[in-house]
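A lone chain, given as structure tokens: the form predicted on its own.
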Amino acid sequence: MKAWIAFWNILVKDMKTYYLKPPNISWGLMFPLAWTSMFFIRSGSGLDAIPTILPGVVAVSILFGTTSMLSVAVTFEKKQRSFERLLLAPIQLEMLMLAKTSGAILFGTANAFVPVIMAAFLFDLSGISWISWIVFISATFLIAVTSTFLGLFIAVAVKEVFEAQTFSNFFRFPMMFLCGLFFPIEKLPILIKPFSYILPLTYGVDILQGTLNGSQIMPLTLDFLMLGIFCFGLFYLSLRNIRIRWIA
């Protein structure tokens, strides 16, 4: 019970301190919407293109929201040495890091539904079945978890907030072009295509495309399995780096 009380207090503290700061709003919400709106207007495809573009908008909103969140929260506390006080708390490291990342996961999941709500005013989404919506929500949650743990992995490896943002862009911008967000993987050059399948966002976007426009290219079980593997793998590597860099 004490561990869950600590979990809740860490989560609430982070929400009050970091979650609605300007970097999180700009990079986590405004930038994805502005960038994808520009892409939508430039394509000139009309409202009929919304189901095709919406999966990419959702995925980008989650990706930028979660990674920006962790780069600010974890890196700033590490620099101010306040994170060291948390490490001294009588709580397991796994529970501590889940508490630090849960807010970003919730923020990223909420981010996913901002473009969905906007699209609902422009396009009729009532034709999507309730089963597809369940799959959609499950996929957005796993994308948020994977992106959050990717942000944690990046934040652990740097010292300054601006370094975390720069390092995050090293992963985020290639994902925008290699994961099938707005350009089909099938149209990528043959030498670049294999890189798409080693990025976690590829499998999340594939699920979203299957639920919203029926253009899924991989089995649903494979997509969920790969997202689960990336979740556990990134979390394990992050904990390993914390033990080596901050505790040992």
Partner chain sequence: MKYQDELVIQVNDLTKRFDDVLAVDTVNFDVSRGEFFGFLGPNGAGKTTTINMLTGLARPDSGTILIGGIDCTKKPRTAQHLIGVVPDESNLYPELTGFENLSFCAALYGIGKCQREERSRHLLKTFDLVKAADRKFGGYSKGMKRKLTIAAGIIHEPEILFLDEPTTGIDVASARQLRQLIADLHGNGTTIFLTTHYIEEAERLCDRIAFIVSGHIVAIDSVTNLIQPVQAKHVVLFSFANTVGDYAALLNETYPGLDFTLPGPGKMRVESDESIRVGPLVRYLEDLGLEVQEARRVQPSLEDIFVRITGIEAESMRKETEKAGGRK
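All of these numbers come straight from a predicted model, not from anything done at the bench. Residue numbers count along the first chain shown, from 1.
The same protein has a further form, the form predicted in complex with the partner chain, not shown here; the description that follows concerns it.
In the predicted complex, the partner chain lies within 4.5 Å of some heavy atom of residue 90. Residue contact with the partner chain in the predicted complex: residue 82 places a heavy atom within 4.5 Å of it. Although the partner is absent from this view, residue 231 stays clear of the partner chain in the predicted complex, with no non-hydrogen atom inside 4.5 angstroms. Looking at residue 114, you'd find every heavy atom of it more than 4.5 angstroms from the partner chain in the predicted complex. Among 157, 86, 110, 137, the residue placing a heavy atom within 4.5 Å of the partner chain in the predicted complex is 86.
Contact with the partner chain in the predicted complex, defined as any heavy atom within 4.5 Å, is confined among 126-134, 164-172, 147-155, 74-82 to 74-82.
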